[in-house]
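In structure tokens, the next block holds one chain alone, the form predicted on its own.
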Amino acid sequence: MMDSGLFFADSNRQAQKATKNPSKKLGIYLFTLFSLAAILYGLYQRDNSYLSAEEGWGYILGIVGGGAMLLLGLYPLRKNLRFMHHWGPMHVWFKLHMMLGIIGPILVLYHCNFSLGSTNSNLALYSMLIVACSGLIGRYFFTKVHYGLYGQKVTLKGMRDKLKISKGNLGQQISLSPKVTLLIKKYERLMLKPQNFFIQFSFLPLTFLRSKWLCWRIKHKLKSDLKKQARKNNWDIEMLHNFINEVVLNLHEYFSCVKKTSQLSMFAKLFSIWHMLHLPLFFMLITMGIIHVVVVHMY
């Protein structure tokens, strides 16, 4: 059995880690909920809205939303132009880029009252929606090749080192159950086996479901085994709950490390392909937007 001091030190460390991450993500969750609520409200009220794209607040929202979309171009400029490298931290620019990429389209949707119009305005609207969807896809790929949404880029060596540490943290705990040890070894061998890019991409949903299912099975089995150990060794309830929480945290971290390590090269390639496509789509949006503004004010 592990040393009690080490056990509770590890438990405290894991508990701090568990409480730290949700607080970091709270702002993202609230912003996402607010954005979804704004879209749903606009869709619900589109037949009752008094906004007009030609005048008043509807016109102003179009100008502000279009301006927000133009400001999206500042992030790649800050990233690539040398004289802008001292203009604040990159993660702040990235946050601003992500926020404007959502706020801008929402304002434009209110500008057009969530409805289609002339061919000219529809082309601008479709271009905007395509770029917005592309941005969300890119955000997903970004998190797969970086540590979190604003972290540094992940390297294969770094992930393998992290996997070793995670496996070591879990090793002493899963030794209580030989069946769990075999399941984890089988899962790791299967996931880390070199695979063709197209095969790995095709079976991505199946891999996700298999990982979730196996994680649930292992978690259920470990909890059962730990409860047996608790009854056998007369553990108190608090110690059992702390031990279970620590095992579950280590288990989730281990599965996350295995998946990220096995899929890193695939997502790096997908992110590279997306990066080549996203910039032309953005230029298409700017072109359609300028044409829309010119045509509307000329005719």
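What you see is a predicted model; the values in this text were computed from it and never measured. Residue numbers run from 1 along the displayed sequence.
One more form of this protein, predicted in complex with a small molecule, exists but is not displayed; see below.
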query: Contact label in the model of the complex: residue 178 to the small molecule, heavy atom within 4.5 Å; finding: no
query: Touches the small molecule in the model of the complex: residue 69 (any heavy atom, 4.5 Å); finding: yes
query: Residue 139, heavy atom within 4.5 angstroms of the small molecule in the model of the complex; finding: yes
query: 4.5 Å heavy atom contact, residue 97 to the small molecule in the model of the complex; finding: yes
query: Stretch in contact in the model of the complex with the small molecule, which is absent here, among 108-116, 159-167, 139-147, 179-187 (heavy atoms within 4.5 Å); finding: 139-147
query: Option touching the small molecule, based on a heavy atom within 4.5 Å in the model of the complex, out of 79, 228, 220, 91; finding: 79
query: Sole residue of 215, 191, 132, 154 within 4.5 Å of the small molecule in the model of the complex, by heavy atom; finding: 132
